[in-house]
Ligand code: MBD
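Starting off, we have a lone chain in the form predicted alone, written out as structure tokens.
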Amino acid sequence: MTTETQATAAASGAGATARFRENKHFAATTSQERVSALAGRVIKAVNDVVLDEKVSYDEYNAFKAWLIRVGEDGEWPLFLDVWVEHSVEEVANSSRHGSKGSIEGPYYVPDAPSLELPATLPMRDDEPGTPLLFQGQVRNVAGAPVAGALIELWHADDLGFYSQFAPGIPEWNLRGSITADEQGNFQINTIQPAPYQIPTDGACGALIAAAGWHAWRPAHLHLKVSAPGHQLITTQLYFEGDEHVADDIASAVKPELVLAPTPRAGGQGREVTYDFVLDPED
């Protein structure tokens, strides 16, 4: 039986690509003029780098081969989510007054199991890691509770792997959909995830090695919080003291998103409270 530690970048990348194609619906609403402007700027930026840095044919051909490998490894979702999405997220949430957003990343899966409060994410009987109680309240920008808000939570396990993107992990492990109570309160039991490296045995790893970069993401919880009449917020929450909070390879950390868990009463792991503030729909 294949185990999660035998996961490969190619398999993970292929899974992320397939999931992206399955779950995303694209509307061709961008005008020809807009496409021309954006594509033209990207192409000009690449050519400016070639001219400014005096790129050789050897370097050009190595770059071309690497681009081909990114596609063959199915790593375009990983590449874009790690190195580009943080800027797209900044633009998308620039006018938000409520909670800070962050990147979605390539490992979101919709329709996770619905859980009753107080909730416990699906996990293995011997799930490794430190137990974590994650709790808080969902409010609107006026400070009123948002009754029945939906909290979607997913994260990597203690080894840094995600269910449905690594072998040997139950399908919905550490993934769940939780409905807040009438006062917008929620309580979710899970485990505290570990920092992890993005897959390094594929094309993205080759770039990281060639550039002398590190591949680490700080430990984080992924969340989507939504309610009728309010804007969906997609975000990530990190943990104080993690050495990669300051140099996340995905450039997705914001000071407002760093948690400071404390020991849980009774000595059963840790707990942390974090409240979400939702903006009204436009």
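Bear in mind the structure is a predicted one, so any value in this text is a computation, not a measurement. So that there is no doubt, residue numbering starts at 1 and follows the sequence shown.
The same protein has a further form, the form predicted in complex with the named molecule, not shown here; the description that follows concerns it.
- Heavy atoms within 4.5 Å of the named molecule in the predicted bound form are found in exactly one of 220 to 228, 43 to 51, 56 to 64, 253 to 261, that being 220 to 228.
- Annotated contacts: Tyr107, Tyr162 and Gln236 all touch the named molecule in the predicted bound form [non-hydrogen atom within 4.5 angstroms].
- Within this chain, Trp76 is remote from the site of the named molecule in the predicted bound form, having no heavy atom within 4.5 Å.
- Ile103 belongs to the set of residues with a heavy atom inside 4.5 Å of the named molecule in the predicted bound form.
- Within 4.5 Å of some heavy atom of the named molecule in the predicted bound form lies at least one heavy atom of Val82.
- Not displayed here, the named molecule is approached by Tyr196 to within 4.5 Å at the level of heavy atoms in the predicted bound form.
- Contacts between stretch 179 to 194 and the named molecule, counted in the predicted bound form as any heavy atom lying within 4.5 Å, involve no residue at all.
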